[in-house]
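Presented below, as structure tokens, is a lone chain in the form predicted alone.
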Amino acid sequence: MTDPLQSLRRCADTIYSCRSCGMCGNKMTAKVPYVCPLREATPGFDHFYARGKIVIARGLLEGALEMTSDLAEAAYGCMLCGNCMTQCGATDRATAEPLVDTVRIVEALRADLLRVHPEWVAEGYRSLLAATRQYDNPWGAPRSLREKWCKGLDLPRAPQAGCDVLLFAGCTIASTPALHERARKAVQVLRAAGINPAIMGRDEPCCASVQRRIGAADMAGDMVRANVEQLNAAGCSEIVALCAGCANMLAGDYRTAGLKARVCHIVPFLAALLEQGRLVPRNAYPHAVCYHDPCHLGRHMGIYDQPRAVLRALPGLSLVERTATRQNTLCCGAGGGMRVFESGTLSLDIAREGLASARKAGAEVMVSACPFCEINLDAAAQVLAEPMQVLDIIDLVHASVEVRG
């Protein structure tokens, strides 16, 4: 008989490293106004933040608790942003890495629930997995739609054309018409630097980040193995991802599974081009901008300086910082499938708080580097008393650099 807690047992070491001090929910400093945005947006009981979820995991392992539908709801009420891990005082003295890996624990809890009691997992999450099985992406977009963003750009296709740089659009951008212009602008900016990237078009695979985050570990593992084989066959030496979630997945799970190409998110790639003088910003952008660090790009990949270097290179732009920024930044509210949780109401509440903190810092525009952040922050911006413009860094670079089609 299959062990119903097999995923949790694999991370028992990190579960038992937690001493239940509560710092993950109660730490407050000048730079950390609070740790868990979800706890702030709810009544704040323990199961809404890391300590309570780890107590649940320990109770399951010790037989003191049984899986229930209420427990499943607690497991999915998390953005997997990792701020609790950043603020936790329990670190390995040799590596300085967190001893309590909350993201790993919650993903394991979800995996066991989804495998043993899928009926207790909200329909919205199961629909994402059903769409993946039918359409090879969680958003249910047919492959014909996923290459519409590149219509008329005449881009080389991998693996038919030899290429150095493969532009990986990702399912969210490729499947969302409102974000297609973002990918087109990225191509035009790269061409301004003398780079004509290859794409995979309708054959571009789903990276499996969404599936892994919501607990479909086996599905995600199968996708990663198949995709590594496909991407290696493309023959490109570098993959540039437009999505922070894709970049984090490709640089982590895919590298472990044998991906040969280097992986870079588009923003550090642009930062290098600017530093090399291959991109020359000319047009001024005279606005105060606040940069929102995406969790996948920031806390999970350690990329903080390059986005700010790109923004500071744009003439006329004034970069302002919120109190909670860089490794202490607060999640946009969309991580870990939260836009599905309770119909996304909490996700929007969290995004509104993030925009309010940017406005308090003097920002006119909120800028990020992740389609999930952009979608959620923009949705929240539309319902503010004073709407705030939400853009991607690519928008600003494109506006400043002289580009061609």
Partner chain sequence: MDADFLTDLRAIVGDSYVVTDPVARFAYRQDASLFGGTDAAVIARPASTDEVSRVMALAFRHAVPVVVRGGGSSIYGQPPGVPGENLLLDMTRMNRILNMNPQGMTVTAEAGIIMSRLQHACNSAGFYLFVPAAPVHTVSLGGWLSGAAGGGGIWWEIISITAVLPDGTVVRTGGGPGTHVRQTEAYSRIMGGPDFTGMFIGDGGSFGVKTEVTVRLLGLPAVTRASILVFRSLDRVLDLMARHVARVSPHPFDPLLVFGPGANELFSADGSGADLFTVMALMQGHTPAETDARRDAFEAIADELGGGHTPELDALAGMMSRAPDQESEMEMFGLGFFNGLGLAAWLPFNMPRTRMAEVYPLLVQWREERIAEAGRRGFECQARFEFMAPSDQCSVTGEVDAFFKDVPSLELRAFVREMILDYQKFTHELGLLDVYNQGMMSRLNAACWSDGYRALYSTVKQAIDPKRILNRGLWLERPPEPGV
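Positions refer to the first chain, counted from 1. The structure displayed is predicted, hence computed values, not measured ones.
Beyond the structure shown, there is the form predicted in complex with the partner chain, which is absent from this document and is the topic of what follows.
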item: Answer range among 165-173, 124-132, 310-318, 67-75 for contact with the partner chain, defined in the model of the complex as heavy atoms within 4.5 Å; value: 67-75
item: Triple contact flag His180, Ala251 and Phe269 to the partner chain in the model of the complex, non-hydrogen atom at 4.5 angstroms; value: no
item: Gly344, heavy atom within 4.5 angstroms of the partner chain in the model of the complex; value: no
item: Val55 within 4.5 Å of the partner chain in the model of the complex, heavy atoms; value: yes
item: Residue contact check: Asp46 to the partner chain in the model of the complex, 4.5 Å heavy atom; value: yes
item: Interface membership of Asp13, the partner chain in the model of the complex, 4.5 Å heavy atom rule; value: yes
item: Contact residue in the model of the complex, chosen from Thr91, Gln230, Asn283, Gln327 - any heavy atom within 4.5 Å of the partner chain; value: Thr91
item: Residues of stretch 26-52 in contact with the partner chain in the model of the complex (4.5 Å, non-hydrogen atom); value: Asn26, Lys27, Met28, Thr29, Ala30, Lys31, Pro33, Tyr34, Arg39, Pro43, Gly44, Phe45, Asp46, His47, Arg51, Gly52
